[in-house]
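Shown next as structure tokens: one chain only, the form predicted alone.
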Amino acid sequence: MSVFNVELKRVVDDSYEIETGSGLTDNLIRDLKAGLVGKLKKFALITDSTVKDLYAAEIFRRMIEAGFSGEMFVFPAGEKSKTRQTKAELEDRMIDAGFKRDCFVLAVGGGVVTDIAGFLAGTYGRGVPFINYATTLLAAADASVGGKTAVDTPVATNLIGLFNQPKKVYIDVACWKTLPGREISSGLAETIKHACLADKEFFEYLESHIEKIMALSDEECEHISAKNCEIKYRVVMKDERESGLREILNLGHTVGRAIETESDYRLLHGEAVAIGLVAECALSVKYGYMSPEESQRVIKLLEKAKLPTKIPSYIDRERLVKKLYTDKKVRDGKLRFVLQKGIGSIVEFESGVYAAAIPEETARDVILAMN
């Protein structure tokens, strides 16, 4: 018998820039010409059926005019497309179009697009570079930092995926002006979540500026985009692979993702997270980590952002309780929740532990009370 040791120790620099502004196509092309993805000239632009005509087609045209070669791959818009089947169909279309490893992926769209494209880029040809051009507030808040890419399954959301960092992220706030109001609200749910878990001053800023934000004032939009990136970066920098601290970014998501699935995606992601935040606040109040007044401030801000704060009547409460067990934080068959400590902080239950086991009966009581 013999043993051969394959030593693969290495240092990897996955650093990247996030650029926020209005109308960033020129900046994207400038960076590509300056070597953002090395000497690669062939690109696969991945987008959805909504963003295609709004932004992607023009970006594609500009890229071709700038001397790059590529094709645009479009899939039906919506969370229901965030599946292994969609990813496989896109991969097959790229193969049929002759794409090999000498290409890069350009994702133009919201969180569903950036999730699928980032996952695809991480596996296509065993990995090709990718760039995110985020067109929604939700993508700016939730998908721009961290490198988590995944697809949904019938059992749970984001169950299959990988960590894959982009070469650069562009957050074009000009795109937000064409979003339906409901999409703006959905993105604000993740923004409010970030303030709740890490920055009391930012929460107060949102309270006093929510009307201007909802009206898509450029100054306020660029500010909240920068704050979202800053808050998420502070967490991800300390825990890139979600081994402890990064769990706090799941604030409101244990109930939220279960509601999103049980609604059959009638609720947008941010709408489901908003309801999840209300449930989490109720648990935090119950265990003495935040006051009823603080909980009401969170609920009031969600309502000002035109987000739901109650579980829709069409969702079966018992099915919802069982769906909680598909959450990635479940350990040894026990539900675990991230809880707020007042506003702007998270409970650390013991050193490096940011989620606590909560009895199913307690979770059920909270859910049943959210009529």
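Because the structure is predicted, anything quoted here is derived from the model rather than measured. The numbering used is simple: start at 1 and walk along the sequence shown.
Keep in mind the form predicted in complex with another copy of the chain is missing from the figure; the text below concerns it.
With the partner omitted here, the residue from E207, D199, E230, E71 that has a non-hydrogen atom within 4.5 angstroms of another copy of the chain in the predicted complex is E230. Contact annotation: of the candidates A66, L54, V330, L36, the single residue with a non-hydrogen atom within 4.5 angstroms of another copy of the chain in the predicted complex is V330.
Look at 207-215, 265-273, 82-90, 180-188: in the predicted complex, residues with non-hydrogen atoms within 4.5 angstroms of another copy of the chain sit in 82-90. In the predicted complex, E348 stays away from another copy of the chain, with no heavy atom inside 4.5 Å. Within 4.5 Å of any heavy atom of another copy of the chain in the predicted complex lies no heavy atom of S49. Taking the partner from the other structure, another copy of the chain in the predicted complex has no heavy atom within 4.5 Å of any heavy atom of T309. Taking the partner from the other structure, another copy of the chain in the predicted complex has no heavy atom within 4.5 Å of any heavy atom of A355.
Scanning 155-174 for heavy atoms within 4.5 Å of another copy of the chain in the predicted complex gives V155, A156, N158, L159, I160, G161, L162, F163, Q165 in sequence order.
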